[in-house]
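Structure 1 and structure 2 below are the same protein chain in two forms, each given by itself as structure tokens.
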Structure 1
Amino acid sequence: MIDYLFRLPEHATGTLQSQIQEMMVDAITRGHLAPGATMPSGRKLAEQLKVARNTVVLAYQQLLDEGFIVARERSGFYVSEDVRAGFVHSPDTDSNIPSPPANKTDWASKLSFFPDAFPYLHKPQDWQRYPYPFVYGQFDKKLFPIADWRDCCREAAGIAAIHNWASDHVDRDSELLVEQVHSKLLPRRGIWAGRDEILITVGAQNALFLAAQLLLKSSDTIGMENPGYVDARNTFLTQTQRIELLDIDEQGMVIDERLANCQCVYTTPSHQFPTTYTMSKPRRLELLEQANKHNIIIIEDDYESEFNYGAEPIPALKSLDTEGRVIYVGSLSKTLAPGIRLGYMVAPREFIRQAKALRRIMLRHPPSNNQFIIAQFLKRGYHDALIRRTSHTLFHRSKIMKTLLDEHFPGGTQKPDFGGSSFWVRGPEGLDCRVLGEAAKQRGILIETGDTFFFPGTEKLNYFRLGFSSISIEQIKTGLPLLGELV
């Protein structure tokens, strides 16, 4: 039996019996004592509350009469299985126990801002039950390397490994993981960085939040792609309301006079979110030139750079940076699984030193056992093999999707140059993607409506995104014609 700790309210009114009743009703109706949970014995509760045992017995009898608890012979009292939201009243009694006290704090006046008001991408948690889930950012469980992952988890469960990762690391990262990022992941993007220029983060989102906290004041302006990554925008809005919207064309982010207004710029050059365009090398060099000219810091989110369909990859923006202006953000959640929540950032050591200190204040460091497991996963070559398998699968899915999209949405898409796992679709003029999304959902088709990707007030409603990281070729072949009919 769980040892619950109960305390009577300090300034309660009424008899001890009624106070005990109200305390227990509050615990039950608020869900602190679940249906079927064992109630503390009368003797134990009386000792805790420092009251006579008979007082507790009488209170329990009233709860029993009201239907809140049930008695089991030679076993004790249990919360009634019939208790759900609200109260259970016996039909033959007029007794009415007072409602639990309401929250009297005016939280609206206490909070400094309201992040739940920010728009974000809604994904049904039960997306796997839909026949045609064209959702982005979800992994294909058939591709996840379960045996390889278990191998690394077994290694982490060894005595020597536990003694290593279970200790207090304060603000230090796994040296082995930092070495794997340094020697395996970054050189593929043309980045040569010192180990003290690398920081492990809880996914890319954590890296963006650290950067926003350190770089932006309320008077600063940050440039962002429009359409763009909505939760990056939300992160920056926690620091400043001054956002300069930067257009997108087939070469990526447009470089023009608006950059001169910015202290920072956020960009997804490898695989623009959500259009999938890849920023050309001349455009990258132009961006760096303007950053040097106007003293701008660039946050490069190297989004989905791992999934390259055989084309010659363009080096990361960070690799072309000669003045230390680019903060590079990478993620392992996209290649492994979104639930892994591990990423990294690369920047000059002066910035990393401050980011590490801020991370320590926020969460100390990402869980060391997870760092150990992923370091082993990288070291043993499992990550390389996974990327090859996943890229091969995504390439074939993208070819079939492109053929079907050209048939059902002629001229509405282009094949992503760099790779990735989604298509950005332009529907016919007059299409409302929000209406389409609801109608598609009723037919078992999940899409991502394009309005959320645009800054409020600039929405284009005939765009939507189709992800294919977690949908089979058979589902694609059936689902896209159905979607075409709905459009």
Structure 2
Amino acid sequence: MIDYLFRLPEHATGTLQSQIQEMMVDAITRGHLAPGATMPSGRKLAEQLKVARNTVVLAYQQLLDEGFIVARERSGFYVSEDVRAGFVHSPDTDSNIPSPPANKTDWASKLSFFPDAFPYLHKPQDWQRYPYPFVYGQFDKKLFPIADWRDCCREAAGIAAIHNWASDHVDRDSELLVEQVHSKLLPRRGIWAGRDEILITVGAQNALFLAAQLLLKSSDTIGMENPGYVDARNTFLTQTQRIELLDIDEQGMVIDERLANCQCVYTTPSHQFPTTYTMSKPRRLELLEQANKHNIIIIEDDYESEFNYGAEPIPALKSLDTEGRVIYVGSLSKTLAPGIRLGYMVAPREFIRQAKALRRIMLRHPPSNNQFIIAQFLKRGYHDALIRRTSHTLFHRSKIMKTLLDEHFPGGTQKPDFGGSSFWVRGPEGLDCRVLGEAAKQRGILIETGDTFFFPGTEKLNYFRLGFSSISIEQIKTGLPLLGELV
């Protein structure tokens, strides 16, 4: 007889064997099966759960190996007596968990600032459920290189690999990954950097945060593109309130007298965020000349430079820098997957040394197992192949997007010079993108309203962005005309 009615969880993942194993671990660690208690017999449990007897036998073997249960000859399995050592349960049972203490502390008076109050682009968590998700920067299931990724994960789970990555690296990056960034990623952008000029970061956002902390005092002014990247702005706002807004034209960021007020400038020259304009070569040289003249540090966010199917690639600003005043930021979020959080920063070694020390007290280093896996991914050429495949796919989507946009929003878009994965659309005067966004959402179309990208108080309301990194050609063909009707 079994005392408990065991049931496998409904939406469970994993094999039946691992589900049984987890169910029993749960019952043991939560105390439903106390130390010394008899385990249900394999045969009876199999009947109750309606699974094969062997499945239960294998799950029990695993529990035995892990020390959760013990076997006694001829009388079956028991919950191990020492299994709960180390557990400090509350006096109540789990089914009667006491509420956390009433919060009697006035946190508002205790906090030095409130990052929660910064505006940012809210993306619906469930975007995958919408029929027409013109979202930006998401990942496309169909493009993820599953076999290649598994190959690298297998390598990282080898004994020698584990010994390499599992230990405390304090502040060190994987030498293998730095070498690959040095020899495979940066040459694509015309950058030849020393290995001590490269720092691995938890995505590009982390590189921006490190740079902001090191470069900006509250008395400093930072120049930023407007419209621009909201979470870069938020990062800078944690350090200084002095922001100089720099305009955008067809050649990218406009260089004018406002630059002279800045100690630091943040720019997205490959593909201006969000307008997609590429900064022209003359504009780049002018920016560097002004930076040299006024002793300005430039933060170059080279996001999405990989998808340059549209034109000859323009080398990074960093590759034209003759005075070592450009801090270059890149990531694998747009090529491989944003969830992996792997970015890098390239800068003169004087700066990297400080950034590495700050990173040590901020988080030590990006997880070493991921550094190992991604080093393998780059080393085996999988990343190069992925860029080719993705560029090919984006190129086709982009052509169809462009044709349909010209038809349904005549004159409203400019073809990005540089490929990429989004269009910045100017709607008719008088359009309120926020109203459009809501109406579109009702009809299953997700767009990104343009207002959020402008600095508060400078919003233009008739712009919106359409991403096409996570939407199929069929969805584009039906969705865009629908959106056109709404406008």
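Structure 1's sequence is the ruler for residue numbers, which start at 1. Keep in mind that this is a model prediction, so the values were computed, not measured. The term rigid core refers to the maximal set of C-alpha atoms that superpose within 1.5 Å between the two forms.
Between structures 1 and 2, only structure 1 derives from the form predicted on its own.
A movement of the C-alpha atom of R154 falling short of 2 angstroms is seen between structures 1 and 2 when the two forms are aligned on their rigid core. Relative to the superposed core, L461 undergoes a Cα shift smaller than 2 Å between structures 1 and 2. Here P40 counts as shifted, since its C-alpha moves by at least 2 Å between structures 1 and 2 after the core is aligned. The two forms line up on their rigid core, and A52 then has its Cα shifted by 45.2 Å between structures 1 and 2.
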